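Only one chain is given next, in structure tokens, and it is the form predicted alone.
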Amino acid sequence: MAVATQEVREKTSGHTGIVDCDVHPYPAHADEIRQYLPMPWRDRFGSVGRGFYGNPVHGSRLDSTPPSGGPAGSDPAFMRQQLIDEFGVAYAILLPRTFCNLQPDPDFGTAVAAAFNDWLADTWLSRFNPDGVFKGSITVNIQDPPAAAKEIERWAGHPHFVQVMTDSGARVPLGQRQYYPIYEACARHGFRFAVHPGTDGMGINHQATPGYPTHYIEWHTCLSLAFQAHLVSLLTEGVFERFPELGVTLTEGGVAWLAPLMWRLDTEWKALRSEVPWVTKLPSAYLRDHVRLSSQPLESPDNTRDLLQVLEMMDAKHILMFASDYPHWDFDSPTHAFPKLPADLHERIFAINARQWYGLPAPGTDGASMPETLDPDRR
């Protein structure tokens, strides 16, 4: 494994123990997943992908193709070299890309999700994880919530799964009650529930915009619209009142929209609170206890002071977590993702917030996790 260069050591000096909350592992070949699928699903499983709205340029900030020549993100040793060792990453939260919830057949989608979970557990979370740096996400097919809850139960107690995940592509907003079995299982077993973009407008899922975009740039720019709709749904449907232990991670959906969205929703709630009596406080007041956002893609205004103001308005000190989106084309290096931040804010975004959120031990400790209640500013 490569040793970090002196330049990188200097850039990351004083900011060790990074938690990267959006890292994507890929199978080297579809057969790696197919072996975990029973018949008839094994014969029906094709390639790993979503079908369309693919990047037509594929210009990348990082050449992440492994020396073996396999797909980017398919070689654990090369990922360690490029990401873990190079930047001093203490934990990488892995989010496989299964695209299982676009399937019309819910049984097929559930089988694909289970196969990816078996693959991740057998490889990245065990064989290639002697130091525990890789932490996993349990993929579920939200088109069949009871089956998704059973899949969560199957992995309860695993030492390296820390959250449940789905794509933002859906048929109805995520606050609606058909999803309650998933949230109940997450809350019971202490898993966070992560939402990641990728199947909006694909398969049986609705598109977040009024219609289908023409180009990838339009589709990719507007992915944050689904996140806004899902968050408003979760808040106004009273999900966090019903499941007070539930935490939702919004991954790769942007961040700058959060403050103005909450301003609008808080104003609406003051006038319409009788419509949603189960929402017992300002919707924005639920965020610090129940919601986290990851930083990539981070909106970057020309004036960096504007970004710092946005971070303050959205309470980034408590709810924002660093993400690189390795190995994708818009990868954010830990050394270049943000302008210079105050030291305490840097530590919270790059390490503390995620360790508290996922209950991860700090590097160099005896292994005890850091509970959220250790943060005196949390409430």
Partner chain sequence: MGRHVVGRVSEVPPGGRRIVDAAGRSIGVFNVKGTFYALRNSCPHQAAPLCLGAIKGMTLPSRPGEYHWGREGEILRCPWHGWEFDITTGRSIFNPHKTRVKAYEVTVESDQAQDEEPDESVETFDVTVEDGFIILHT
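Numbering follows the first chain given and starts at 1. Small disclaimer: the values here were computed from a predicted structure and weren't measured.
One more form of this protein, predicted together with the partner chain, exists but is not displayed; see below.
**Student:** Out of 349 to 357, 66 to 74, 35 to 43, 336 to 344, where are the residues with a heavy atom within 4.5 Å of the partner chain in the predicted bound form?
**Tutor:** Correct option: 336 to 344.
**Student:** Can residue 315 be called a contact residue for the partner chain in the predicted bound form at 4.5 Å between heavy atoms?
**Tutor:** So residue 315 does not count as contacting the partner chain.
**Student:** Using a 4.5 Å heavy atom cut-off, state whether residue 52 contacts the partner chain in the predicted bound form.
**Tutor:** Taking the distances in the predicted bound form, the answer for residue 52 is no, it never comes within 4.5 Å of the partner chain.
**Student:** Answer yes if any heavy atom of residue 325 is within 4.5 Å of a heavy atom of the partner chain in the predicted bound form; otherwise answer no.
**Tutor:** Heavy-atom contact with the partner chain at 4.5 Å: absent for residue 325.
**Student:** If you check in the predicted bound form, is residue 310 within 4.5 Å of the partner chain, heavy atoms only?
**Tutor:** Residue 310: no contact with the partner chain in the predicted bound form.
**Student:** Counting only non-hydrogen atoms and a 4.5 Å cut-off, give the residues of 316 to 342 close to the partner chain in the predicted bound form.
**Tutor:** 329, 330, 331, 332, 333, 336, 337 sit within 4.5 Å of the partner.
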